[in-house]
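Before any questions on how it binds or moves, here is one chain, the form predicted alone, in structure tokens.
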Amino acid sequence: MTGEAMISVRGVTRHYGTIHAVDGVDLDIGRGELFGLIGHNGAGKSTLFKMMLGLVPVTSGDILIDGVPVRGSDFRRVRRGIGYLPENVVLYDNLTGLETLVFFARLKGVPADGCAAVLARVGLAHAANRRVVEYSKGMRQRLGFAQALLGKPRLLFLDEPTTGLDPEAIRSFYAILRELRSEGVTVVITSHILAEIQERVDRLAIMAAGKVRARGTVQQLREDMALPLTLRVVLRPGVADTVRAALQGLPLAGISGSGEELVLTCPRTAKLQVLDAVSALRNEVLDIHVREPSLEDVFFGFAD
């Protein structure tokens, strides 16, 4: 993280009797950062969210939002600049989409005249006057996102925000997040769909058993785990044995396959050496595909 912290968490715990839901978390999230928080069910993500929102008191430790303690008397002022989308969105079925936003705008003490524009931003302008009972699961999720955007918050907490969204809606959702980030909004997001967020967050933290096990960019975490790279080598027919022989002596973690394709695994430190050796086999090799460890690979490495 660079720059000033929007969120600072120091030694935070939350205990429910003998259960340590959050157990000694230290975390800094920068202003204007799109930050991912991932972990198994029960890892402590939602509890940490609720403590940062002031909805659940900490057992010990301190949380500062925009420099203000969550447990302090000034936090009410700060909370007006926070938007929150919980994992399970509960809405009033008999209200229309627009009436729902007007209701939440009044609760938040923000002008209701911007509700139609917020509905349009999340792609629900066409359903503004339809009752929520007629909304699909994805539409309800977008409506929940719309209420989080009311009042132009400077900090957004989004808990599993793409649940029920189709691919087009997910793409639109992240486009909105990029716009918000460019406007200086800080976004903290959880998701079980790791492939969806790995190229979209600036940094992330991996939680397990109430603790933060790792934090950084996806690339930093890949390097910290020292997971091997995978190279899929497409060959001309009948040359697999020749290529295997030519690759002997390289620092490979493994080689498999036959026929017209070989799969090589190698340490990151040997990447260029292996690529040079494979590239030199121009008469035998048709193509090379390099696969970096996915966020899922990294996650299971740290969380298990």
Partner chain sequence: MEFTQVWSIAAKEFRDRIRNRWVLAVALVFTAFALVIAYFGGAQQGTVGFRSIEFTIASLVSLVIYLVPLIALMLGFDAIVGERERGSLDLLLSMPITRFELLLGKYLGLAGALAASTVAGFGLVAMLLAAELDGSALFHYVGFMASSVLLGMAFLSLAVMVSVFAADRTRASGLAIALWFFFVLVFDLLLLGALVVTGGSYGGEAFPYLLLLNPADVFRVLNMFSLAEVRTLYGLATVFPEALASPALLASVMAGWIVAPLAVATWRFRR
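Quick caveat: nothing in here was measured; it's all calculated off a predicted structure. Positions refer to the first chain, counted from 1.
Here the subject shifts to the form predicted in complex with the partner chain, a form of this protein not shown in this document.
**Q** Please identify the residue among 128, 193, 95, 209 with any heavy atom within 4.5 Å of the partner chain in the predicted complex.
**A** So the residue touching the partner chain in the predicted complex, by this definition, is 95.
**Q** Which of these residues, 154, 215, 79, 222, gets a heavy atom within 4.5 Å of the partner chain in the predicted complex?
**A** Looking at 154, 215, 79, 222 one by one, just 79 meets the 4.5 Å heavy-atom criterion.
**Q** For the chain shown here without its partner, which stretch in 162 to 170, 185 to 193, 79 to 87, 229 to 237 has non-hydrogen atoms within 4.5 angstroms of the partner chain in the predicted complex?
**A** In the other structure, the partner sits against 79 to 87.
**Q** With heavy atoms only and a cut-off of 4.5 Å, decide whether residue 31 touches the partner chain in the predicted complex.
**A** Output for residue 31 is no: heavy atoms all beyond 4.5 Å of the partner chain.
**Q** Could you tell me if residue 134 has a non-hydrogen atom within 4.5 Å of the partner chain in the predicted complex?
**A** No, residue 134 sits far enough from the partner chain in the predicted complex that none of its heavy atoms falls within 4.5 Å.
**Q** Classify residue 122 as contacting or not contacting the partner chain in the predicted complex by the rule of any non-hydrogen atom within 4.5 angstroms, answering yes or no.
**A** No, residue 122 is distant from the partner.
**Q** Can you tell me whether residue 106 touches the partner chain? I mean in the predicted complex, with a 4.5 angstroms heavy atom cut-off.
**A** Answer yes; at least one heavy atom of residue 106 falls within 4.5 Å of the partner chain in the predicted complex.
**Q** Within 4.5 Å of the partner chain in the predicted complex, counting any non-hydrogen atom, which residues from 134 to 163 show up?
**A** The stretch touches the partner through 147 alone.
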